[in-house]
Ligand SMILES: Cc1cc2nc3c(=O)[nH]c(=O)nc-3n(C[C@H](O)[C@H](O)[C@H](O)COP(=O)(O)OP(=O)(O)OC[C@H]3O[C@@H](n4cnc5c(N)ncnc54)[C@H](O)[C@@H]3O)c2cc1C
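Okay, so here's just one chain, in structure tokens, the form predicted on its own.
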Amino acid sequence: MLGAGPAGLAAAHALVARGGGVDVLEASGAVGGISRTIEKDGYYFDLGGHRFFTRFDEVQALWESVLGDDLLVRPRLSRIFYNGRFFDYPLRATNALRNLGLVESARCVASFGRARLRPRGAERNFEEWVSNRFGDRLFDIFFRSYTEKVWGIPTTEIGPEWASQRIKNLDLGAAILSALPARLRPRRAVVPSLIETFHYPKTGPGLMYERMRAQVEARGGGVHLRAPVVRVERTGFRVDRVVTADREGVETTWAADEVLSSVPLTLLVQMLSPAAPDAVLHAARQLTFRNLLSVNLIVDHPDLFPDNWIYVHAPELKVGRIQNFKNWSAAMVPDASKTSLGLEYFCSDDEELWRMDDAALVALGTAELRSTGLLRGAEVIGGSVARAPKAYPVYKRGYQAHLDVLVDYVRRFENLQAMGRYGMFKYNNADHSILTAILAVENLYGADHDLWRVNTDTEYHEIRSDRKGATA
């Protein structure tokens, strides 16, 4: 098993439950990947804010079996910060009208109408896909700035696949219906909404994966930290051995009967020995990831704001999202008189943000937080930084052709399966990643699941529909 993130540990857990043997090889010193939890001075910081929600019964059953009563049910509350104001998310008509003003609201409605009457034809990129559904003005307000912060490229350079994967089923017309009193809605109207509650581990997502690790090891499996894979040795299209190296460069060889990999797909093909064909290596080098910086602050105030998180669409600020961990779980904060926040910054290896030292990042985060008004005069009394390289696969226009080359090549291996977000270069939610792991293990026992169809033929499950105006 390559990688001890959600997919790797879920696969290991499923294997030992069947009585199989497994060794999990993890490059870092912690399990959970981007879903790990950082502990500092008794405070727990989630690396990005990870909700646990799913429509897959087998995934929900796994979560509940691992954590039991430590899997909490939490209310969802989030807003958007834009132009010095806070917008409810999902959007509510009265709140949006008040914040935008009558003139801008009228322009947004007119822009929405034009998009419906005269949509752009080709939808060749993210901007065209979203503008066709929401109109140009709403796109500029609620999509452009945040999206360009996350990906670091203009929205015209982002493929439409990301929008269709992450925004599908959200419809502005239906959202407007949902803002109307039930008696004014058309009969039999189906109103989509976002889920209002989610599950969350008591002290953050790392608790889930630490428990998985313990259960895997209790059943005889091995989870080996600080064991980065440096070479995957093969004969034709069969993996024979996997080689890791410790900090001193001493190599360890692991015999490979079956290999399940959740390490970045681009790195996997570049670690093959003998090397993959030049065309495959070229394709791997064209696919990129975006890094995540979390600036974690402790504030001397018991209750700063009610949200779980806030999206920052203000283009003048570098921060993309602000997490309020106390509102995810009270157990994340050891002192009830304090609040802990995580400010998320997105960047690439060559950007100044990624190269800034921790003190400078804490100062930047503090200044930007103060500019939003969220500090309410309170003082920041502590700060630290967590870094997650290669956090998000970038769906830059044209990426799919390069990804297809890698997928076609990896599919040819008889004892190698790729799974999870990194392993498949797919912007999966955690439950999609875990589902690919469960299905990969079933394949080892005779099933024939196509893992690459997960999260392409399943409905985006954060959306629910309620008829006749029922409350979601």
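None of the values given here were measured: they were computed from a predicted structure. For every residue, the number given is its place in the sequence shown, counted from 1.
The same protein has a further form, the form predicted together with the ligand, not shown here; the description that follows concerns it.
| query | With a 4.5 Å heavy atom cut-off, would you call residue 417 a contact of the ligand in the model of the complex? | reply | Close contact is absent here: in the model of the complex, residue 417 is far from the ligand, nothing within 4.5 Å, heavy atoms only.
| Would residue 443 count as a contact of the ligand in the model of the complex, using a 4.5 angstroms cut-off between non-hydrogen atoms? | So residue 443 does not count as contacting the ligand.
| task | Consider residue 228 of the chain shown here, and say whether it contacts the ligand in the model of the complex, taking contact as heavy atoms within 4.5 Å. | result | Answer yes; at least one heavy atom of residue 228 falls within 4.5 Å of the ligand in the model of the complex.
| task | Give a yes/no on whether residue 321 approaches the ligand to within 4.5 Å in the model of the complex, heavy atoms considered. | result | Result yes; residue 321 sits at the interface with the ligand in the model of the complex.
| query | Residues in which of 228-236, 90-98, 68-76, 274-282 have heavy atoms within 4.5 Å of the ligand in the model of the complex? | reply | Partner-contacting stretch among the options: 228-236.
| said: Counting any non-hydrogen atom inside 4.5 Å, which residue from 138, 130, 292, 310 sits next to the ligand in the model of the complex? | reply: None of the others qualify; the residue that does is 292.
| query | Within 4.5 Å of the ligand in the model of the complex: all of 197, 340 and 343, by heavy atom? | reply | No, none of 197, 340 and 343 comes within 4.5 Å of the ligand in the model of the complex.
| query | If we check the ligand in the model of the complex, which of the residues in 4-34 reach within 4.5 angstroms of it by a non-hydrogen atom? | reply | Those in contact are 4, 5, 6, 7, 8, 25, 26, 27, 28, 32, 33, 34.
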